[in-house]
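Two versions of one and the same chain are coming, encoded as structure tokens; call them structure 1 and structure 2.
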Structure 1
Amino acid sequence: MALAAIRTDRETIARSEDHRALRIWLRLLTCTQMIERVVRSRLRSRYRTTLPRFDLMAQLERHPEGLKMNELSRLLMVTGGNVTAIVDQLEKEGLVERLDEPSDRRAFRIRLTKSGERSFTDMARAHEEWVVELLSGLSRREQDELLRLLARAKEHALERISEMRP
């Protein structure tokens, strides 16, 4: 829930030029949250898991040699404390394992177990189907254009962020 100050029904006519930015922001939020809600709900009801766990397993699936906690933290863009708790849960379910890192006794290397690999493959297939279906209303050209605009919005926002002081 992260709705900005804007007219009663979200996407209404802007009061001024500046409101376009607020409307874009609001639409980004509602689109993202709508798809996220569907995905979260499906993962919970069909696989008894959660989206953060799924995402973490997705990162591990792409790195068969495993990832360190701080690498997971960076890739997933969440804090180390959060990664610790999610890895704890997955380890408890036997889906991942913590392996010692010989070159650094502070660190661990997290890897999917065999059970975790099978489980993830199953969920990933369904996940892709859901996302494809939810976004299938856009034509090929519209999808390409949306990708391009989101990429531009992101890179410009990143520029602004690096220029801003906290």
Structure 2
Amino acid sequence: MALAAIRTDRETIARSEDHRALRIWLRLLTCTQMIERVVRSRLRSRYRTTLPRFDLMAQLERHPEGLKMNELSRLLMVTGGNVTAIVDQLEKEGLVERLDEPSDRRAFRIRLTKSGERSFTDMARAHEEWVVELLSGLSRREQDELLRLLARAKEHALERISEMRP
């Protein structure tokens, strides 16, 4: 990765006098974006695919019975149009199939084909190796502590979110 790219990450906008919470948030964003940048690049170069396609296939792998388009949109937190475009591409490549939905003639389920299952299994294995490599600068103890601390931060954020709901 180019040094210029590292210097222009989100964290560089923080100043030492900024609130510690702001600096933590920017560091979390920066780490996430850097890891994602590497994963996107490796998916593109090794598998000629994109992270959104990988994410969609991951959801289907977790739901072998298939998912309706609106369920996929909700799980991926993207519009139906985005999901349709990805499903159309994957279907042309023989990685997913559309199945009639017996309870609703207007709907159908999307599920991985056998070829899609094999392809995703290979990509998922590589994805895990990449993430392990990218986080290998932390010891097992440090990773456990980071998980524990992030779980506390997440729990607190969820409490704030629940307070916002009517």
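Model, not experiment: these values are computed from the prediction. Residues are numbered by position in structure 1's sequence, first residue being 1. Heads up, when I say rigid core I mean the largest set of C-alphas that superpose within 1.5 Å between the two forms.
Trainee: Mark the structure, either 1 or 2, that is the form predicted together with the DNA.
Mentor: Between the two, the form predicted together with the DNA is shown as structure 1, not structure 2.
Trainee: When you overlay the rigid core, is the Cα of Asn70 off by 2 Å or more between structures 1 and 2?
Mentor: The answer is yes; the displacement is at least 2 Å.
Trainee: After the core is matched up, is the C-alpha of Leu29 off by 2 Å or more between structures 1 and 2?
Mentor: After core superposition, the displacement of the Leu29 C-alpha between structures 1 and 2 stays below 2 Å, so no.
Trainee: Leu51: after superposing the rigid core, is there a C-alpha shift of 2 Å or more between structures 1 and 2?
Mentor: Moves: no, less than 2 Å.
Trainee: Report, to one decimal in Å, how far the Cα of Arg106 moves between structures 1 and 2 once the rigid core is superposed.
Mentor: Value for Arg106 between structures 1 and 2: 3.9 Å of C-alpha shift.
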